[in-house]
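Here's a solo chain for you in structure tokens, the form predicted on its own.
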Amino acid sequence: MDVDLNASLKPPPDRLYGRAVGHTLRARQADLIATLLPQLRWPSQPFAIASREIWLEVGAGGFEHAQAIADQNPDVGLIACEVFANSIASLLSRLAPLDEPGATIPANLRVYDADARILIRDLPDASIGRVFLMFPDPWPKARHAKRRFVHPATLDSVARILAPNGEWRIASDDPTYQAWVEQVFTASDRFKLLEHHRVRPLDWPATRYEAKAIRAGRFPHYWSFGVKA
């Protein structure tokens, strides 16, 4: 059922997520959060490259997608936003494996470990070339629609930071969220649809969430949106 975007949809809450820690961190994970994360944390740690563009991922999860994007685009700086300590620890464990000395600090990947909307509010106009929202929490109940990152109140903020010819990529396997994306963007006067696929485009890196969804018999959708002139 469609939600009346103008009348019944409540504004987003101060935070869209629940707990920032799921399972208790193991000792090594906690140590990596304390010692390695500060070397990657945005904005205190700038990129170690001269970036031709800066891209932004909202809700990086286990960071597989973020790492793939950073590896495939070494001249682009990627800020990956994720609040969950367990997910961040997964990235840090890959960067500092037990059987290797030291840690690898990617030159073009940085982590923002707070609500992405705070960062978006602080970013300059037209400063981001691409935004990624990959398989976000669908918050499937209608009363939770205000917690979805795709929200009429968020679209203006994202449109403001996107550079000319910028792109917002969204993927979801949840039917409720898929319908929600269609409804919100159709009603928006800020964005235009660039592409809509039901098979992942070749230049979109795979994620474990996508693989899990396909194994469960769900069918992801992939959208690209641009800002209207």
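Quantities reported herein were computed from a predicted structural model and do not represent experimental measurements. Don't overthink the numbering: it's just position in the shown sequence, from 1.
Beyond the structure shown, there is the form predicted in complex with a small molecule, which is absent from this document and is the topic of what follows.
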If contact means a heavy atom within 4.5 Å, which one of 130-138, 102-110, 89-97, 70-78 is the stretch that engages the small molecule in the model of the complex? 130-138
Since only the chain is shown here, I'm wondering whether residue 59 would be in contact with the small molecule in the model of the complex (any heavy atom pair within 4.5 Å). yes
Any of the heavy atoms of residue 215 lying within 4.5 Å of the small molecule in the model of the complex? no
So in the model of the complex, does any heavy atom of residue 23 sit within 4.5 Å of the small molecule? no
Any chance residue 150 has a heavy atom within 4.5 Å of the small molecule in the model of the complex? no
Identify whether the small molecule in the model of the complex is within 4.5 Å of every residue in the set 82, 115 and 209, based on non-hydrogen atoms. yes
